[in-house]
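First, one chain by itself: the form predicted alone, in structure tokens.
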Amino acid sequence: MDLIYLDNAATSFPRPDCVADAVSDWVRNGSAAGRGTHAGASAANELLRSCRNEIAALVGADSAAHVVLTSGCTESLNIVIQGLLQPGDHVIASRLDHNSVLRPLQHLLHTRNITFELLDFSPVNGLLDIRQLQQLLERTPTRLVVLNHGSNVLGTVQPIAEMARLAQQAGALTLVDAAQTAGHEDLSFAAAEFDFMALAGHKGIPGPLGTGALCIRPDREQLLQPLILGGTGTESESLHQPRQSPAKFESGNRNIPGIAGLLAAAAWVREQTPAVLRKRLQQHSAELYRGLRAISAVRLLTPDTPENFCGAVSFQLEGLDCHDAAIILEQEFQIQCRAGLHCAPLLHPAAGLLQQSGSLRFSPGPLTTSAEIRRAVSAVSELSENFT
């Protein structure tokens, strides 16, 4: 029986062949980190430039020079959160947020005396409370609003353009967490005038693990202090860190093999088009949702809003711990999925869940097939009959 992989919200698999080919080609033939004047360095510099251009075109950024290549969304989020906030600053985030947002905020609460408040969400439709956002912005001067574009548990997409307008009207900066949506949602970074956007390069953009990007609105890089300082291959005569993006935030060697794969993945997404990939992902998510809903032992966390699915369908099985269920699904049915809190520890209690072990999450990817979806639903049905 062939393996079915349904953990694409963590990292994509399988990936398009062009991604593996690009990584392999660089490992075999690449010879430099992009700093220097010989041919190998020039080739690496061209690869970095091409990747920035491809990402900028994909997300609608108006300046490739303001695309910082990172190790993933966690680093991108931390560059902004830790690089921006000062003592006394106030932040608005949400109970949907990943620990990549919540832990830095909690850390700065104790080390820099910042404050933060969390938006609630509706378990019925998965949407954040925009009225609450407006009330919080009116009540407290806010430095930063973190906008979770797509929940990695509920799988719902938020109206971030509308929320960003409210933040901008109140004088707050905006940071979009697009970990779950980059590659198959319209991000329109420049058009929406977001200030910062954190991207994963290994989820909806099916590149290698350990890749990502941070898009910065022009001139906003001056508001950020870099997390790491060191060699950048630019302004080497100075003991001071460069002030301009992207060098300001890219000390040390970049992950050139991974970036080669990221470039190939982003180009593949643009060729397929995010609109087509979004439609495919919504269809597969809706198939999962309908199939799981018909199983009496299943309790779905994901709201019944198929037009708003971004690729994660989470659920619990009555009488069966989610971790045990995930092990059985892999061992007995060759289905790999995710079990637990999914690094979003405030979401499950806010949704009123009684089981504290979390939930099972099925997350299809760009290369998932309808046959795999049907087999996954059948496996859960059999599991519920035999183990619950």
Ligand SMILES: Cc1ncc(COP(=O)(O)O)c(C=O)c1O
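We number the residues from 1 along the sequence you see. Quantities reported herein were computed from a predicted structural model and do not represent experimental measurements.
The next section is about a form of this same protein that is not shown, the form predicted together with this ligand.
Consider the chain as shown here, without its partner, and state which of 263, 80, 179, 157 has a heavy atom within 4.5 Å of this ligand in the predicted bound form. Comparing distances to this ligand in the predicted bound form, the residue within 4.5 Å is 179.
By the heavy atom within 4.5 Å rule, which residue out of 73, 92, 301, 163 makes contact with this ligand in the predicted bound form? So the residue touching this ligand in the predicted bound form, by this definition, is 73.
Taking 4.5 angstroms as the heavy atom distance cut-off, pick the stretch from 133-141, 185-193, 167-175, 98-106 that is near this ligand in the predicted bound form. Result for this chain: 98-106.
I'd like to check something about residue 285: if you look in the predicted bound form, is any of its heavy atoms closer than or equal to 4.5 Å to a heavy atom of this ligand? No, residue 285 sits far enough from this ligand in the predicted bound form that none of its heavy atoms falls within 4.5 Å.
Would you please decide whether residue 150 lies within 4.5 angstroms of this ligand in the predicted bound form, comparing each non-hydrogen atom pair? Answer yes; at least one heavy atom of residue 150 falls within 4.5 Å of this ligand in the predicted bound form.
Interface membership of residue 200, this ligand in the predicted bound form, 4.5 Å heavy atom rule: Answer yes; at least one heavy atom of residue 200 falls within 4.5 Å of this ligand in the predicted bound form.
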